[in-house]
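Only one chain is included here, represented as structure tokens and corresponding to the form predicted on its own.
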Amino acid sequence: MNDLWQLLGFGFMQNALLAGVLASVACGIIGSLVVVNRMVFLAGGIAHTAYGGVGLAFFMGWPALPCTLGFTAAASLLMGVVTRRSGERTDTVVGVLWAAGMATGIILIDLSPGYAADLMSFLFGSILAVPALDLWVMFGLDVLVAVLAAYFYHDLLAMSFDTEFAAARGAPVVLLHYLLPLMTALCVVMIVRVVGLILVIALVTIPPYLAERRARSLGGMMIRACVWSLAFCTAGLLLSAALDITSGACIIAVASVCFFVLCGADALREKLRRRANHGA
């Protein structure tokens, strides 16, 4: 325990905890919208397409975070355009773009000169190596996401449950159709350094799903999801430091264990309730 407290005194550990806080805000807000709009597969497509942005950054020698952000934002808008026109073929189109983005990233990295030393940090996360500049970028993205969510809150709420009703009440449904994937892209890029591209979808979906079980409103769900995400990031980070294992995987492992335990407890409680009612 003393070693853990001493570890918290280092700047890189403080940066990691702060990165967890900033990522949790985005995960709570955007993840809740992803879950209630049933966009988990689309969010997964956006997350894996971001690998193309990583490959482009390495190939061109550009800064990784801004390049990945721009590439992922463009890919998310493309997904919004295609899925709006494809209708029932949405899952197929997203799957193709998902694979194309991954393939593009792999090819560009193969063609890049030298050795991509930071590649593993993008795949599996490197929260302990988050620089101060990335923290400022994450903070700016958090502010942007929070402002957009607050401004369009009632329209997003209406569209999340009934698109036709939202359009009838004057909500900018078409704009929101493109805005949601774009905000998801911002969220994905923000938490790449925390858990990596491969595990990012779990952190976007598990906390909102757990929050949805007890929340009575979309806003309440967002707040609860932020708390869950922060708990997972903090517990996973401290556990990874204590056991000397990969932080991103440890964060997702903690979230997954909580997910299965709580879902199992709910299923057992429901089974006991039905048995009690049957006996009565």
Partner chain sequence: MNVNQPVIQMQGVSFAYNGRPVLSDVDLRVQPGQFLAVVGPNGGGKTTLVKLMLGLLRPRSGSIRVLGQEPPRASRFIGYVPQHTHARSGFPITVLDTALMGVDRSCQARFKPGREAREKALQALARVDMEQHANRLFGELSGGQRQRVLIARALAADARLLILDEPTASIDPHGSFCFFDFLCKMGEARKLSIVAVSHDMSLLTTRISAVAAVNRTVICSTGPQMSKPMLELLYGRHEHTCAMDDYIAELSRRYGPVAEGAPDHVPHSAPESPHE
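Numbering follows the first chain given and starts at 1. This is a predicted model, so every value here is computed, not measured.
Although not depicted, the form predicted in complex with the partner chain is the subject of the following passage.
Interface residue remark: Leu186 is not counted as part of the site for the partner chain in the model of the complex, having no heavy atom within 4.5 Å. Although the partner is absent here, Asp91 sits far enough away that none of its heavy atoms falls within 4.5 Å of the partner chain in the model of the complex. By the criterion of a heavy atom within 4.5 Å, Gly170 is counted among the residues contacting the partner chain in the model of the complex. Contact check for Val35: a heavy atom falls within 4.5 Å of the partner chain in the model of the complex.
Note that among 91 to 99, 121 to 129, 145 to 153, 68 to 76, the stretch whose heavy atoms approach the partner chain to within 4.5 Å in the model of the complex is 145 to 153.
When you look in the model of the complex, the only residue of Val40, Leu239, Leu218, Ala253 with a non-hydrogen atom within 4.5 Å of the partner chain is Leu218. Looking at 226 to 259, no residue comes within 4.5 Å of the partner chain in the model of the complex, counting any heavy atom.
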